[in-house]
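As a starting point, one isolated chain is supplied in structure tokens, in the form predicted on its own.
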Amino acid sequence: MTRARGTDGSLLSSLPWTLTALAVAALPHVPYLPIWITAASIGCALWRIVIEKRRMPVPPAWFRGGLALGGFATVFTTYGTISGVGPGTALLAIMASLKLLEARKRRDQFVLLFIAIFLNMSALLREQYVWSLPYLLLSLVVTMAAWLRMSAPAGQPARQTMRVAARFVGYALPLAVAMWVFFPRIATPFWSVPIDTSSGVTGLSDTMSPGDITSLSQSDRVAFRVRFDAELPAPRDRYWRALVLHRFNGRTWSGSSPVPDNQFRERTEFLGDPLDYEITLEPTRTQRLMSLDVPESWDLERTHVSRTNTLWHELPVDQRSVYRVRSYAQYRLDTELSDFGKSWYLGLPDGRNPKARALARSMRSDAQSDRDYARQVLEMFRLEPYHYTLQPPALGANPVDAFLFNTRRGFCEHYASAFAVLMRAAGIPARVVLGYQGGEINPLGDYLIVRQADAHAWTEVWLDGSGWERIDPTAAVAPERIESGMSGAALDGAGAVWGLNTPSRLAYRLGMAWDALNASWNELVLAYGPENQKRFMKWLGFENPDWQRLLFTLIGTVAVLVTIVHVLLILRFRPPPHDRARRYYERFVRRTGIEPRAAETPLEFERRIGETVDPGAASRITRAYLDARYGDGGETALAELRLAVRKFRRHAPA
């Protein structure tokens, strides 16, 4: 027997719903997918509609198999792998498109809707924006509606289907919230999904090579947000320390892997008033944590301070993290430094940047002290024609010499590198610090926004009797970079393009409102990790919220919620209560000993049982019942019905 390859049109009513569910689920992935996948998906959807409308046969198996192999090979060629969010979603989109071309039965549509659900979930692996949750709920409602539409009766309004689907999703929401709140969070995920990034952004790396950078593109992506317990520190004190570089090979600065330093309090003298603040750090996929100079205490577990007074976590920061820090803007650090320690911060490669070495020796011989020499170098940057620019010219084999004597144009990395080399060449220990400087105040949320564009480099020099001191040569060349920051200048002059100030102010306010909403979303939802879960459980009264208590709490909460939903469903779908006339009539039916037939009316039931029971009594009861329930008999007919049923006795035939 030959299997029919054509379609019978049975999917025509539900197919548009399935295609809509797939389109809504795939929409967040479209900006990240190659254009050919989007075009192929649209083409397959239109082709499938034509097949169903014209009752055409679906493409043969060999053709679909060739398309599958071609799609797999093209994805591998495009991404270079089949692992990760990008290749995975691309393969899901191709799978859905090819499944459309072979769908003949309802079960094939079920598979397509399962793929839609996977597409919904995989969108959260890239980013969880504040609009992700409502969009996800909408997509689930559409998917559930497509599911219901496959078995909906003909003529059912689309509004009713959507309403039922939304109700089903609403029943599941309390259970999802309970699972999210109480399921034990772990610091290390069970698995790791490679996240593809389509473009690089301004930020921090583990090395610094000013001579290799010819331009610096700005990024307004948020690096972290900060809430201070008291007043914000002045811009000159907003140096967010991340890592310290001490090795220099003539072109590139690099550092060492951090190790815990349990003696940092003994070698640090904290002065002045402390600064207490809370940081919401975006994922960095590194072990680095941000803090103001210099950190004294923190509350994030598995976090240590290094010998260079930078905070670092034992594991890479793969999710938003919230932690509190106490720092001091005034301090003395390492007032005593051994000869071995000094050697770490004096090394320069032989034969590289000879002009800078000669300049350092000459200037140091004319200076009265190390501090006076450092001041003279800053004065040189300030008074001579050095310029701050984000598009510096390329440098040669000796980048410091080329910068100091030829180009004289650069940004913070150029000035920090050149200053550190000049210090070391004069016998003064120096190192480069990478981090962020400044930040933009959001008046709506009363917190500080530090963006990737605020990434900064400065130097620290060791002076006898004072220890390590921060010196930022960029401040000598471009003091507005320190006082205003990079992110604060992003909207500066935006209104001038229009000839007005209003667009700039309006854009600023809208941007701040949107960021305040995102900040609340990040703090309450996305940063809900192990630490925040412990805080929340302690707020609920759990002194020791270990994973066993969390699981028992989760099981109990889910049981209560399931019971509540079950009761609500029972109350919603319970049969309507019978009125008194109905109850009296049902008592009469039971006394006859005869079961009514399906859809049998009282008059039909009376005629059928006429030969079995007293026909006169049956007639009186039926007329009284109809009059009491559907007529105008009221209480009189109801009393007559009650009396007739009470007197009724089954009459055996003679």
Partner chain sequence: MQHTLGAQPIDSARAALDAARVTLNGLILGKDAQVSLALSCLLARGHLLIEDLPGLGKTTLAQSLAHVLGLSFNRVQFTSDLLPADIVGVSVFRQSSGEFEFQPGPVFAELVLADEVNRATPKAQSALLEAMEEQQVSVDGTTRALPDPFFVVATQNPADQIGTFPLPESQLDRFLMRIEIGYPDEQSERELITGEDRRAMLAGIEPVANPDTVTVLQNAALGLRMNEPLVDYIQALVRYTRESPDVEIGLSPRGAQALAAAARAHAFVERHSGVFPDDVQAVFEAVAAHRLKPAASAALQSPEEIARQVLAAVAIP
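Rigid core: the largest C-alpha set superposing within 1.5 Å between the two forms. Keep in mind the model is a prediction, meaning the values are calculated, not measured. Residue numbers count along the first chain shown, from 1.
The discussion below concerns the form predicted in complex with the partner chain, not included here.
Asks: Among Glu600, Glu604 and Asp632, does every residue place a heavy atom within 4.5 Å of the partner chain in the predicted bound form?
Replies: All of them do, each having a heavy atom within 4.5 Å of the partner.
Asks: Please tell me which of Ala617, Ala45, Leu626, Ile51 lies within 4.5 Å of the partner chain in the predicted bound form, judged by heavy atoms.
Replies: Comparing distances to the partner chain in the predicted bound form, the residue within 4.5 Å is Leu626.
Asks: Would you kindly say which of Arg549, Arg582, His566, His387 lies with a heavy atom within 4.5 Å of the partner chain in the predicted bound form?
Replies: If I apply the 4.5 Å criterion carefully, the residue I get is Arg582.
Asks: With the partner chain left out here, work out from 592-600, 32-40, 62-70, 609-617 which stretch has heavy atoms within 4.5 Å of it in the predicted bound form.
Replies: Heavy-atom contact with the partner occurs in 592-600.
Asks: After a core superposition, would you say Leu19 shifts its C-alpha by at least 2 Å between the shown form and the other one?
Replies: Not so; Leu19 is displaced by less than 2 Å.
Asks: After the core is matched up, is the C-alpha of His29 off by 2 Å or more between the shown form and the other one?
Replies: No, His29 moves less than 2 Å.
Asks: If the two forms are fitted on the core, does Glu606 show a Cα displacement reaching 2 angstroms between the shown form and the other one?
Replies: Yes, Glu606 moves 2 Å or more.
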